[in-house]
Ligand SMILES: Nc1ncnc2c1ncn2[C@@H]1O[C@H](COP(=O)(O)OP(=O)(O)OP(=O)(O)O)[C@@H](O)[C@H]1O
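Single chain ahead, written as C-alpha cells, the form predicted on its own.
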Amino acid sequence: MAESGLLQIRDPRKPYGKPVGIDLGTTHSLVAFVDGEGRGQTIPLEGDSHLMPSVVHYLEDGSTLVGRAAREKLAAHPHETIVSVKRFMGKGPSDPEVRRLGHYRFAPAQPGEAVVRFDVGGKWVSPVEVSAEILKWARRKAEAYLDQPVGAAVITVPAYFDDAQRQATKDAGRLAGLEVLRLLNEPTAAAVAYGLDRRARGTFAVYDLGGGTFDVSILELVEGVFEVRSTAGDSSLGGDDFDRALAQALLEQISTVLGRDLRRDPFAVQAALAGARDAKHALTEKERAVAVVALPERTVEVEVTRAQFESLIVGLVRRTAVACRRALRDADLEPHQIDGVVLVGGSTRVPLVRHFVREMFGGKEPLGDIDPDRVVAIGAAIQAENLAGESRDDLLLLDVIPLSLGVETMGGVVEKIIHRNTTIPASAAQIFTTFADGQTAMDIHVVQGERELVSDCRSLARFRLEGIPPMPANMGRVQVTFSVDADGILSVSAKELTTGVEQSITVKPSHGLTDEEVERMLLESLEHAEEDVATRLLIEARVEAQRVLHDLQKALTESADLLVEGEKEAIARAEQALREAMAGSDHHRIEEAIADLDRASTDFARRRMEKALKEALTGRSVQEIE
C-alpha cells in the first residue's frame, strides 16, 4: 500500500528538512551541512566546484540564470546581469554606494521610496529579490545533492551589517522559501568551525576579507564557549576592490595601445575585471601572470607581476589596519595578547594580505587549516544543526551589538539603552518621566551611534505613545524597553506604568549605513569624546534649569500668599542669576545657580508642603489615614 502524504508525521518544533548553513557571499556563495559523523561538509554547487558565483542574469522572458552561467553573460549583458548584490542590501537610492560602482541601470526613485531597484530589461528588481534567486538556486542544488528537502538555514552576514541590511537578508531567505533559523556573523561562524574542530582555548582574532566586505572580530574561546569581545570592519572593502584596482590599470594601459578610452565602456570594464580576477588568482601561487582581456574587437594579453599587483592594492590592505586597531582597543588588548588569527575569505589567500596580518598581530602565523572560502559555511552548518534540535550541550554562542542604541531625551541628548559590544540577544529598559504638566503623549525617537547628541547619531525610527493620563510634570512614568534578537534586529516598546497603555515598533531602517557613516560614528566618537560630554552636560544642566524655573513659577502663582517679607526678592535674584547662567556655556555655573535658587526657596517650599499636608488631613480620622 502506497504511503499517503496525509499520514506523514513530523515534529512541529523542528524545521522541515535538512538544516544547512549558507554563506551568502558578495562574490561567491556556499552551502554546507553536518554529515552523520558530525563533520561540516560543503556541497558542490557548480559541477565539482563548491563555490557558486553570486551572480544573477535576467533573461528576456523573465526567467533567470544563476551562478557560473549568469557570470558568462556579464560581458555581453552588463545591465541585465547583477553581481555583488550584497553591497546593495538594505541601501536606498540616494546612497553613494549605489552609484559608485554601478554599470547598472536603476529604476527611477519614487517619492519616499527607500529601496534601490535595478532595471533589468524593463523589469525592476530589488537586491532582496536578486539575493532570493541566489538562495533558491543554492537550495535546489543542496536538495539534489542531499536527496532530501532543505527547509531551514542559518545564513551568514558581515558583522558590520546594520539592522536594514540584516532584515533585507532575512527577507531574501524567506522569499527563497527558507526558514531562517538565525543570521550569524561571519567571523562568529568561523569561530564555531574552529572551536569544534580544534577545541581551541584563548583569545583569537578573526580576520575576514571576502569579496566585498571586511570584518575583524576579537573572540574568547573557552571550553566550547564563544564570546565576541569586539568587532569592527569596513562594509565596502574586499577582493572586488583588488580586482577593480588591477582592472583600472589594465584599462589605462590598453586604452593607450588602442587609442581610445575604455574606462567608460561597460563591456570593456567587465572584460578587464574578468582578466584581473583570473590574474589575481594566478599571482597567489606565481610571481608572474598574464591578464587576458577579451574585448569585442580583439583579445589583449598583459603580463602582470606580483610586485605590480601588490603596489596597486597595498593601500587597500592597509585600510584594514584601522578596523584591526579599533577592535583590539575595544577589547582592551594588545596585538601580542592574541593567541592566533583565523583567516576567512578567499582574499586572505593573497600573499600580501597574509604578510600584513602576520605583522599586524605581532608576527604570529595566521591559522588556515580550514579552507578560508569554506570555513564560514561550515560554521553556519554546525550552528544550523544545533538550532534545529541536534544541539551539543558544550556549544554556546555569544554575539555582540556593533553600535550603541538609545533614545532622544530633552535637549537633543542621547540616552543609551543598550551599549556597543553588549552580548546578544539582549534586552534593557529604562524609565523616563513626563516633562510638562498635563502631558498626554510622548514621542520616542530611536537612534544608533556613539555620540552624545542626536544630531551626530543615526535616526532609526520614531513612534508616539499616547494615552498618558494628565499629571503634573515628572509624575508620569514611561518604561522604554529595547530588545535585540539573535539576528541583531531591534524591537522597541514604550509602556505607561500607571495605565499599562503600550506601543511598540520593530526597527527596520529604510536604508543601510554608508561607509562614511560607519567611520564617522566610531572614529568621531573618539575624536570628539571630551567635547561631546561637555556639550551633553551643558544641555542637561539647561534642561534641569528649565524644569526648576517652571516648577518655581507654578509654585509662586499658586502660593504667593505663603511668601514672607524679603523672600520674594531673594528668590527673584536667584532666579535671575540662574537665567544668566543658562545663557552661558558653563554647566558648573548653571548647577551652582540651581543650588542657590534651591536654598533661596527652601523655606517657601517647606511651607507649601506643610499646607498641602494639612489640607489633605483635614476632616479625616486616624483610621482613614491608616
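Fair warning: this is a prediction, and the values are worked out from it, not measured in the lab. For every residue, the number given is its place in the sequence shown, counted from 1.
Keep in mind that the form predicted together with the named molecule is not shown, yet the notes after this line are about it.
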Fill in: Proximity of Glu450 to the named molecule in the model of the complex, heavy atoms at 4.5 Å
no
Worksheet item: Hey, in the model of the complex, is Val350 touching the named molecule, heavy atoms inside 4.5 Å?
Response: yes
Item to complete: Decide whether Arg166 counts as a contact residue for the named molecule in the model of the complex under a heavy atom distance cut-off of 4.5 Å.
Response: no
Worksheet item: Is Gly239 close to the named molecule in the model of the complex, meaning a heavy atom pair under 4.5 Å apart or at it?
Response: yes
Worksheet item: Which pick from Gly346, Gly406, Gly233, Gly90 sits with a heavy atom within 4.5 Å of the named molecule in the model of the complex?
Response: Gly346
Worksheet item: Considering Ser427, Thr256, Thr284, Gln248, which brings a non-hydrogen atom within 4.5 Å of the named molecule in the model of the complex?
Response: Thr284
Discussion item. Partner absent here, but in the model of the complex, which of 74-82, 203-211, 286-294, 124-132 has residues with a heavy atom within 4.5 Å of the named molecule?
Written reply: 203-211
Worksheet item: For the stretch 559-595, which residues lie within 4.5 Å of the named molecule in the model of the complex by non-hydrogen atom distance?
Response: none
